[in-house]
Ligand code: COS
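As a starting point, one isolated chain is supplied in structure tokens, in the form predicted alone.
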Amino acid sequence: MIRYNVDESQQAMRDRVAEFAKKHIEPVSKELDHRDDPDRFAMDLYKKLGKAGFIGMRMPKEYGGGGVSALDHTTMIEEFCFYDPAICLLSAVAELATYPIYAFGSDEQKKKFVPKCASGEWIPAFVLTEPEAGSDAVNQKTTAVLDGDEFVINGEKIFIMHGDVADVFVLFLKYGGDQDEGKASRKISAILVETKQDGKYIPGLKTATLKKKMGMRAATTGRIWFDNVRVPKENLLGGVGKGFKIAMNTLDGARVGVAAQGLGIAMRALHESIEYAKKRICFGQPIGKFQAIQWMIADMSTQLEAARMLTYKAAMLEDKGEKFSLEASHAKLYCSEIAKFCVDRAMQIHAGYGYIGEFSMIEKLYRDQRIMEIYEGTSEVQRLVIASALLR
């Protein structure tokens, strides 16, 4: 009723996700959201996602992935977020972190890292944000110094999805080789870090789980410290000074993914509102008979469909190999904000039954949605990106 496909393969993807979600996600969704042990990563579910092919769905077939289109992958994220946005991140974060490797890595790096990430054997993390370098990604304080055949890394990272459990980091830091002059972005490089040796963290590496998260609790978020961590020089990704380009290119695709997350959240908020409006009796009739409720549902539906078209347009441009940075920012900005609108309207429709989590999932959606306007570039950053592109 509230789903729309522009490609016939999308419905097959929706059906595949729904079958998995009803069997493996719905039974554990509340438990993972309200668990007493926030340090516990949902490893069992992560392995199930990997075995079913959802971790590596977008990754190249030659490296063990599914090789699906950006549009199909977007549909997968959208549908997973209908069932549980936080659990969707288990898959989405793996794609975000592995993309730089299969898009910019050497043949050796691709063969070594991508199959293990695609299968779910390894958990990858995209390690960019620092205490003083979030939206200001060029302002990296983490550094690497080449010492013989190894990089020596020092610094700190924060707000890293799966950073507390990852087996491999795609780490962005300040290393420009001999480039002492020129743009600051040319001094940013990317290095692959295998975090563990014999089941323990490599010397100098320390992580911690960030606790008391407002939402998205099924996916852990970490803080990372590097104290003279040594990494082989062949782990440099894409060449000296290419890190900023790699990060920005990765974030274009990630923003389409976040837009899809917003779609799934908005779609569930609308679905729950329609069902509730049909059965909730007030003043002797279902509340869906009242114009005030009807107008909220109409506004939610209209904005959801507009957001879906922005998202699918960006994904289709990516599939065509065309530039889609502007469209990704359009989609990310609008979808994250209409997700908030739809969840807020759903809360108003459900009233007390939405505010109390034991009665509906609206309270959880309210918490999960809020990060949409923050990660992978805040709404303010998206507006800057859009305006800059148009004014150039």
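When you see a residue number, it is the position in the sequence shown, counting from 1. Here the structure is a predicted model, which is why all the values come from computation and not from measurement.
The form predicted together with ligand COS exists for this protein as well; it is not shown, and the discussion that follows is about that form.
- Of the candidate stretches 199-207, 246-254, 148-156, 275-283, only 246-254 has residues whose heavy atoms lie within 4.5 Å of ligand COS in the predicted bound form.
- Taking the partner from elsewhere, A21 is found to have every heavy atom lying beyond 4.5 Å of ligand COS in the predicted bound form.
- Ligand COS is not drawn, but in the predicted bound form it has a heavy atom within 4.5 Å of V138.
- S325 belongs to the set of residues with a heavy atom inside 4.5 Å of ligand COS in the predicted bound form.
- Although the partner is absent from this view, D368 stays clear of ligand COS in the predicted bound form, with no non-hydrogen atom inside 4.5 angstroms.
- Contact with ligand COS in the predicted bound form, defined as a heavy atom within 4.5 Å, holds for exactly one of T142, T129, Q109, Q303, namely T129.
- Checked against ligand COS in the predicted bound form, the residues G239, P232, G134, G288 give one hit for a heavy atom within 4.5 Å, which is G134.
- Taking ligand COS as it sits in the predicted bound form, the stretch 206-220 never comes within 4.5 angstroms of it through any non-hydrogen atom.
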